[in-house]
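Shown here is one chain on its own, the form predicted on its own, set out as structure tokens.
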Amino acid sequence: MSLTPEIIALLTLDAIFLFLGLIALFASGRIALWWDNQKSTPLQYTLSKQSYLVSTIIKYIFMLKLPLFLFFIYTCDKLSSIIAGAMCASGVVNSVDFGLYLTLFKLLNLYLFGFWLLLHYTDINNEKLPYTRLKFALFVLFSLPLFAEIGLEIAFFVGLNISKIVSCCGTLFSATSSSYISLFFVVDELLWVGGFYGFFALSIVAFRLKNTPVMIFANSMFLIFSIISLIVFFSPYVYELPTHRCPFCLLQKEYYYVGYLLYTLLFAGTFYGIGGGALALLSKKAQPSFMKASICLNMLYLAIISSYPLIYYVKNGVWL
């Protein structure tokens, strides 16, 4: 294992998250089992104080995890300069067998913790505190992927071997790759692009019809098709190179760090669509502000990423 300042910072925060997460898990279990807002017993008074403590811990974890996701990608990108064969974060992530699963766990936890906070703010803004027991029961469930992420991240940095030659992103994200990513290229790229625009249109229809389940479905599929179509179709236009399809290189200086903007819009837009929809179903109350935010952010992402092939065609008169 190589210890750079970035890795030390991430591992230190993992240890803090593990410690605080275990405290929150223990207290959440007690609250989920014994909470009764109608009682005025010493136990209920204690649980009320503990619920405030646990909520603060969870908010603290989420507020740190949000920038730490980008910091993790930045760290992997920086490590690519000392690992033979790696040209960006993708080579470092894939240098360990479970690197991709670690990245997916990080994304999953952002969505789960974001939804937990939406539920929490809905709960504390109601004097009856109707979702207190549910939200702490959910945290007990959500703590499993949190601890899995912490364990995988520690194992990832411990298992990172800088003397091992890894594949560059040009090899990983190509039709000739032997990995699962090559399966994306088996399907005609027009299908992925068609799905990308189609599911965005479906989300607008769902918004106009106020159909929450369809809104959740459309945003979930829009997220999947957006990432795949970015790899298969849009990224070569950003790089202006037909063989370059890496979704990590978008975060580099050479491309004006446009990936940070694109991923923030995409993840925030789909989160408001999925999380806001789930909250609407749970509370049986429409969440138009979340739905509008979802439509606006997704539309902005769609407009920016669509501009790349259009501008390229106008400038060069051909498609890649």
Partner chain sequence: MFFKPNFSLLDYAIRSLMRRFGKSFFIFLILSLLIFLLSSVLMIADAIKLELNTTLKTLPQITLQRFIAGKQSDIPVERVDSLLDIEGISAVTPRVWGYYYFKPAGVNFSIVGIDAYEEQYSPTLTLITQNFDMKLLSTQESMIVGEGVQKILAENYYTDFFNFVTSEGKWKRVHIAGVFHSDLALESNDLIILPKKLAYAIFGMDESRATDIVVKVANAKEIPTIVQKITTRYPDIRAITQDDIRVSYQNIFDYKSGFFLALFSVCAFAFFIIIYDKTSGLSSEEKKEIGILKAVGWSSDDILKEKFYESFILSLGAFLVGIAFSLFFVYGLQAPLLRNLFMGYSALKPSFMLPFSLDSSMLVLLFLLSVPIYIAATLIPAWKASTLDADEVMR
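Numbering follows the first chain given and starts at 1. Keep in mind the model is a prediction, meaning the values are calculated, not measured.
If you look for the form predicted together with its partner chain, you will not find it shown, but the lines that follow are about it.
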> Does its partner chain come within 4.5 Å of any heavy atom of I165 in the predicted complex?
Replying inline: no
>> Taking its partner chain as it sits in the predicted complex, is Y111 in contact with it (heavy atom to heavy atom, 4.5 Å or less)?
In response: no
> Using 4.5 Å between non-hydrogen atoms, is Y197 touching its partner chain in the predicted complex?
Replying inline: no
>> Please tell me whether any heavy atom belonging to Q50 falls inside 4.5 Å of a heavy atom of its partner chain, as the geometry stands in the predicted complex.
In response: yes
>> If the cut-off is 4.5 angstroms on heavy atoms, which of these, T243, N161, S81, S220, is the one near its partner chain in the predicted complex?
In response: S81
> Which one of L282, L261, A286, L64 is close to its partner chain in the predicted complex, taking close to mean a heavy atom within 4.5 Å?
Replying inline: L64
>> For the three residues L190, A201 and L266, which mark the spot I'm curious about, does each lie within 4.5 Å of its partner chain in the predicted complex through at least one heavy atom?
In response: no
> Which one, 92-100, 73-81, 224-232, 136-144, holds residues whose non-hydrogen atoms are within 4.5 Å of its partner chain in the predicted complex?
Replying inline: 73-81
> Which residues, if any, of 288-304 lie within 4.5 Å of its partner chain in the predicted complex when only heavy atoms count?
Replying inline: F290
